[in-house]
Each structure stands twice: as C-alpha cells, then as structure tokens.
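As structure tokens, the next two blocks hold two forms of the same chain, structure 1 and structure 2.
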Structure 1
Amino acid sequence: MADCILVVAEHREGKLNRASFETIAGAQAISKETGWAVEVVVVGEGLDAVIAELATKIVSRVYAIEAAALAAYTSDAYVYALKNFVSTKQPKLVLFPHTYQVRDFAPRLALALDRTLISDAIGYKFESGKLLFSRQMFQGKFAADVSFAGDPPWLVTFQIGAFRGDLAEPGSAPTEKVTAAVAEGAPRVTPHEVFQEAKQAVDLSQAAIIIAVGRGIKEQKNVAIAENLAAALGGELAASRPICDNGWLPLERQVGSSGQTVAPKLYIAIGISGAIQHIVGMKGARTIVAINKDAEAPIFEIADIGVVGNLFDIVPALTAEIVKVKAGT
C-alpha cells in the first residue's frame, strides 16, 4: 500500500466544519515534501453531501465511514470506528483540525492504536527527511518543535487557523463508502441535541470599534477604566474569557473560540495576553492595538500598534487625550 496522509474531516449534523479544509491544506503541503498521497475520511451517517464537498479538493480519495450508531457524535463510537479504519489502512500520518470534538476523542484513538498524538500543532517542518511539528507552549510565550519517536501512524491535530482553508487546492476526488465497525452492546454515553443559549443581546460582530479588557485589569471595579475609553471612542466593550468567567462582564461580551468572533475596524486589547483561544476571535480586526506591561506577551505578535506599559497609567491618559481632541481643544 502506498504511503498516505489521512485527514479526518469533521461535520456536525451533515454540515462540514470549514476547519477540515485547513487540515487538507496542511496535508497537501506536507504531501508536496514527502510524496505521500492525501486521503480524507469522515465519520457519521448520511454523509453524501459532506463527501461530495470534500471531493472538490486535490486528494486521492474521500471515504465516508457510516453507521447508524455514528449519527450523533460519541467518543466511544468514533474511536471504535476510526481505530478499525486506521489500523487497516496504516497511513503514515493522521491529521485532524484541533476542534472541541477532536480534543474529545483523538487522544483516546491514539492510545487505542498504541501510538501518540501531537496536539494543537501550528505548523510543520521537514528537516533532513524528518517531520517536526511546531506547537505553542506556555500559552504562546514559547514554541516547540516536536518529533515522533515511535512508528507511524503518527497522529497530529492542527490549531484552527494554522493553515488557510481557502488555499486547499481544488480538484476532483473519487469517493468511497465504508461500513463502520460498531462495538457490540449498548452505548455507554447518551448525547443530547447541540444547542445555543438564548439569543444574545449584544452582537459584537457588527461593532466598528471594540475595547477589550483582560485579566490585567485585576479587579471588577477597574473595568470602568476600559468602559470610559469605550465611551470616549464610541466603541463596544468586550473581554477575554476570565473576565466573563468572573462575572465582571456578561458572557455575551466574550471574544474568542468559545465566545464571539469579531472583525472591527479597531480592536484595542487591554491587559490581554493573547492566548490562541482569544486571538481566533479577533485576528480579523483591521487594526489591533495592544496595551500590555509584558513586552513578551503573545498579543504583540499580532498587534499593529503596541504599547508596553501599565494599563492603569496609559488607558486613562488615552481616554483624556481622546476627549480633549474630540472637544477640539
């Protein structure tokens, strides 16, 4: 069997998760260096539309592993079906997007295969015939190049945004349906419907100016400092997750992977370190200003304008200056 890279694509209720294309783009890039063919697999039930969509990229084949037991996601059923498929196929690499669902089952799949998983990689390197995967460490303060020390299949999840899904090369691939291996006996886990909490009152996705505050604000009463700046600029107030976890601002003002995705003209990040889960929610902003006392904070990696310093000095000075300029004095 020819060497191959297997991409495990993701869908929810028959709707393809776009992050799957990012992983395909990553696989295509690795394929160019290694010569390994790219194949795609998706697990579930009634996947015709999903595999048709996946087959519009340059890959050798798209598989649908189907069974009624896979209609709703459970880690048990996914691990069982994929373990069977991967151990028969013996790909060199198995790549996944680092989604919530993949986080839930991929480590277990790796161990069931007696292998290891490098999780949340942001890229790869191919150095003298050896594949290395780069990943963030210490919440983005460092990066590491990690290698596999054992035999393939090697399992890797790619961080959302690590590759550009729109750059996955178009093509036309054959599709194939595979009957899934299903464990005997009753399932252990009962999943219920996926839902969204009541409609949010604040829609940050439409805001032109966002002032976002992070844990650097220290105390709830200090949030007013950011509020004043937002008022002076006519912007919306937003926050990183810990601020909402603490109840200092409502959840609907949280920006990031588990909150809202925003794309304002101006995003001012105040006392926010720039963890990836925050960045995925705001990196589409036209201009990013970061105010942080730590010159090494990862937020400066994506900021257009940076200020290293104490927010308690800088933000009030900025608010005062804006008020002054707006008043035309």
Structure 2
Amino acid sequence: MADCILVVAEHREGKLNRASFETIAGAQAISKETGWAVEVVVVGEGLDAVIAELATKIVSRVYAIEAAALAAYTSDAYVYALKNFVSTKQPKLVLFPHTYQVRDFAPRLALALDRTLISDAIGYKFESGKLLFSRQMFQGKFAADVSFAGDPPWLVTFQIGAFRGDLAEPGSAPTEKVTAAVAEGAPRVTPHEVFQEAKQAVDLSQAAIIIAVGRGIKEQKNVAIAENLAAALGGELAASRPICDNGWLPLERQVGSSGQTVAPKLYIAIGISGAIQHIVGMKGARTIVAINKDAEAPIFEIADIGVVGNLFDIVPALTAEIVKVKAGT
C-alpha cells in the first residue's frame, strides 16, 4: 500500500469547517516534499454535498464514513469509526484542523491506535527525509521543532491559520462511501441540539472579517466605534484580553493564546499594542490592518497596513467612507 496523508475534515450539519481546507493545503504542501498521496475522510451521515465540495481539491480520493450513529457528533462514535478506518488504511500521517471538536476526540483516537499525537502545530519542516512539526511554547515566546519517535500512523493537528485554505489546490477527486464500524451497545453520550450560550456567541475562527479592539479604546462606551465599523464591513467584533477581562465584551470574543485563534481574510486591530499573547491568535490573518497612535507598537511589525494616529478620528472617518461607498454616493 502506497504511503499517504489522510486529512480528517470537519463539518457541522452539512457545512464544512473552513479550517478543513487549511489542513488540506498543509497536506498538499507536505505531499510535494514527501511524495505521499493526499486522501480526505469525513465522518457523519448524508454527506453527499460535503464530499462533493471536498472533491474539488487536488487529492487522490475522498472517503465518507457514514452511519446513523454518526449523524450527530459524539467522541465515542467518531473514535470507534476512525480507529477502524485508520487501522485498515494505515496512512503514514493523519492530519486534523485544531478545532474544539478535534481537541475532544483526537487524543482519544491516538490512545485507541496506540500512537502519538502532536497537537496545535503551526508548520512543518522536511529535513533529511524526516518530518518535523513546529509548536509554539510558553504562549508563543518561542517555537520548538518536534518529531515522532514511534511507528506510523502519526497524528498531527494544525493550528487554525497555519495554512491558507484558499491556497488548497483545486482539482477533481473520486469519492467513496464507507460503511462505518459502529460500537455495539448503547452509546454513553446522547447528543442534543447544538447549544449556543448567548445570542452574541460566535465562532470567530469562521469569520472572514474581524474588527478587534484593545486598551486604546479607553472605556466601554467607545467599543461602539469598533461595532459600527464591523457593521459597515459585515464583520465580527473581537477583542484583546484586557477588554474581555474588564467585561466590556464577552469572553467568546477574545482573540489570543487564552482565547480564539483566527485567520480571517481581513483583521483590523484598533488600539491594540500587539502583545505576543494576542499576536499568536491572529497572525494567520491574510491582511492585517493596525490603527494605533504609538508608532513603536509591536502590532506594526506584523501589520500589512499600519496607520499611526488617533483611532477616535480615524475609525469613525473610515466607517463613514465605507458606508458612503456601499450606498453608492
């Protein structure tokens, strides 16, 4: 059996998590250096639309592992089905996007396969025929290159933003449905409807445009300045940790090492100095715009566009111009 890389794609209610395409892009990059084929697997029930979308990328094959027991996610069912599939396929490498769901089941899958998991990798190296994966340590203060000592299959999760999903190469792949192995006996967990803590709860990792606010906003009432810009652009509002610690925005809006990791097409940082704890959560954004009155702020080191000035003058003016352009005036 030829060596291959198996990407485990994620979906919810028939909609692919965009991080799945980032992981496919990473697999394609590794494939070019190793010569290993790339295959994709997705787990669930009624997956025709999902596998059709995945098959638009350059991969050797797309598998759908289907069973009624997999219609709603449970860790037990996913681990049992994937363990049997991976054991049969024996891929060299199994890649996952580092999502909340993957964090739930991937360690258990590694244990079931008696293999090692490298989690939250930000990249890879292929040196002297050996794969190394980079992981940030101590909240991003430095990175370590780690490798597997044991036998394959090797399991790795890639941090959101480690690769650009839009760079996953397009193509046409054959698809195959596989009847899942399902554990006997009653499941230990019965899934209910998806729970949303509050109306403002949001998965920022799926946002294409994010407007983030930091200490420079000075007081809670001024958050409205960023809200107006987010509304004008059709984006999501986010914040650095001090804003959420003060209770000015809910914790699910926090970006950084202790919040969400995001990789939007556009990230506008308003009044954010750029502490490493924040940068590790958003450095994967395609375009970063920073607005800060301090020309020496660290955020400018990673910004594609930097605006030095008073945010209270710049942001309302920018919002007004966007509104005018959208109105066609």
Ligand SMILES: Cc1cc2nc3c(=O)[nH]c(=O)nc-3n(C[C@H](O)[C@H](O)[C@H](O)COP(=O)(O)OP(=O)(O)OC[C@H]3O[C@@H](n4cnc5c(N)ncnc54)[C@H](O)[C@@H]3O)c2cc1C
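For clarity, every value in this text was computed on a predicted model and none was experimentally measured. Residue numbering: structure 1 sequence, from 1. Under this definition, the rigid core comprises the largest set of C-alpha atoms superposing within 1.5 Å between the forms.
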message: Deciding between structure 1 and structure 2, tell me which is the form predicted alone.
response: 2
query: For K57, is the CA shift between structure 1 and structure 2 at least 2 Å following rigid-core superposition?
result: no
message: After a rigid core superposition, would you say the CA of G235 moves by 2 angstroms or more between structure 1 and structure 2, or not?
response: yes
Core-aligned C-alpha movement of Q28 between structure 1 and structure 2, 2 Å or more: no
message: What does the CA of I279 shift by between structure 1 and structure 2 after fitting on the core? Give it in Å to one decimal.
response: 4.8
